[in-house]
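Coming up is one lone chain in structure tokens, specifically the form predicted on its own.
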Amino acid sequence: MTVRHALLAAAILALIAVPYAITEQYYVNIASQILLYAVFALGLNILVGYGGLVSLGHAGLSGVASYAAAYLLAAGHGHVVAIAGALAAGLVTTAGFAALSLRASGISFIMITLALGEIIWGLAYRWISITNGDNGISVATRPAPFGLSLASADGFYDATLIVFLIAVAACAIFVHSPFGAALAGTRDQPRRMNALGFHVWLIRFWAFMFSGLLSAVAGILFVYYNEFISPQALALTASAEGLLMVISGGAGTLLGPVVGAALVVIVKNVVSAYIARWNFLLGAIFVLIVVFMPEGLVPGTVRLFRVAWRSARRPKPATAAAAATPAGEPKP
């Protein structure tokens, strides 16, 4: 077993032990929030980190799935139908997003996703017959897969952890697959990829669909966690927070979005109880990360650790001079 595998096993065991190590349900709920937002950030990271496509409308994709699940549950359907309908609604919306936004790139792509996200938010706010407007839709119960109730904080955390681990494994397989390499190629050299015979638009489209699938899963977890959905969850600030998670943790890495999600959720829910202007603190942290670790927290920490490790292993001048002195000659 390598060091990386040992660290991975230790991290999984630490996540499993959270409900047993933390007695207060509030902090268990915070841990559940971190995991569900990490799923959302992982989906966004597929586009931002590996596809080079910055989206400001992903909250709309997760919001559509949240509203679809809540609406179907309020209409009297079961959880299986609600989850399946939410995934289908999220994927259909993602296909529309991709078809419209992938007509451009760069700033134009950002603005199109921003506009589409605002359209979805406007529909959620004004389409009162479906979304109940600003009052939102409440969810009465949580599912009980295989007879295991998710009504408690510990039960919901365990279910969210399983979904999170599946999402991480799916992203790892995707990134290390030939398709993931092709997506990175469209990010770095789209014209060369096109000249080599790759269909750049289609590669980006399917990457967008995979990203939207993870966003829909996060939206389902979100509506079951809060047992409520309102247009506020689809606002621009929600998309911006997701983008902040990806950039601050490290775009183009698997661990970066998870660390970024933990940072944003902890500052937003825990630190805000002690600091009134927590938005200022979060902005200051983001500025510091951009200045001192422009690649993100995870790659920046790895870089600093390697520099420190090389400095520690580098021989001191006196030791190097002594080692260079031939045998039998007096040392200087």
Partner chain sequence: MTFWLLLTVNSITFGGLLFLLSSGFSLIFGLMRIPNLTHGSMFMVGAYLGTTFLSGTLGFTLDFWAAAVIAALEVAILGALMERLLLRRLAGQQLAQVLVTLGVSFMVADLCLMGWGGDPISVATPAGLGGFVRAGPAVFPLYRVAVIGIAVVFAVALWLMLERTRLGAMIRAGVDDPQMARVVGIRVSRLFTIVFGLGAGLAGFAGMIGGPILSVYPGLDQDMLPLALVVVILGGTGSLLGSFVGSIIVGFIYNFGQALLPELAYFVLFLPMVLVLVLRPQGLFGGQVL
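Please read all numbers here as calculations on a predicted model, not as lab measurements. Numbering follows the first chain given and starts at 1.
There is also a form predicted together with its partner chain; it is not shown, and the following applies to it.
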Note which of Leu165, Ala195, Ile119, Ala181 lies within 4.5 Å of its partner chain in the model of the complex, where distance is taken over heavy atoms; exactly one does. Ile119
Only one of Ala169, Ala88, Leu148, Met111 comes within 4.5 Å of its partner chain in the model of the complex by heavy atoms, so just point that one out. Met111
Report whether the minimum heavy atom distance between Arg191 and its partner chain in the model of the complex is within 4.5 Å. no
Exercise: Arg126 in contact with its partner chain in the model of the complex, heavy atom 4.5 Å: yes
Taking 4.5 angstroms as the cut-off for heavy atoms, does Arg277 touch its partner chain in the model of the complex? yes
Indicate whether Leu282 is a 4.5 Å heavy atom neighbour of its partner chain in the model of the complex. yes
Candidate spot Leu100, Arg103 and Ala115, all three touching its partner chain in the model of the complex (heavy atom, 4.5 Å): yes
Mind telling me which stretch in 240 to 248, 155 to 163, 69 to 77, 139 to 147 gets its heavy atoms within 4.5 Å of its partner chain in the model of the complex? 240 to 248
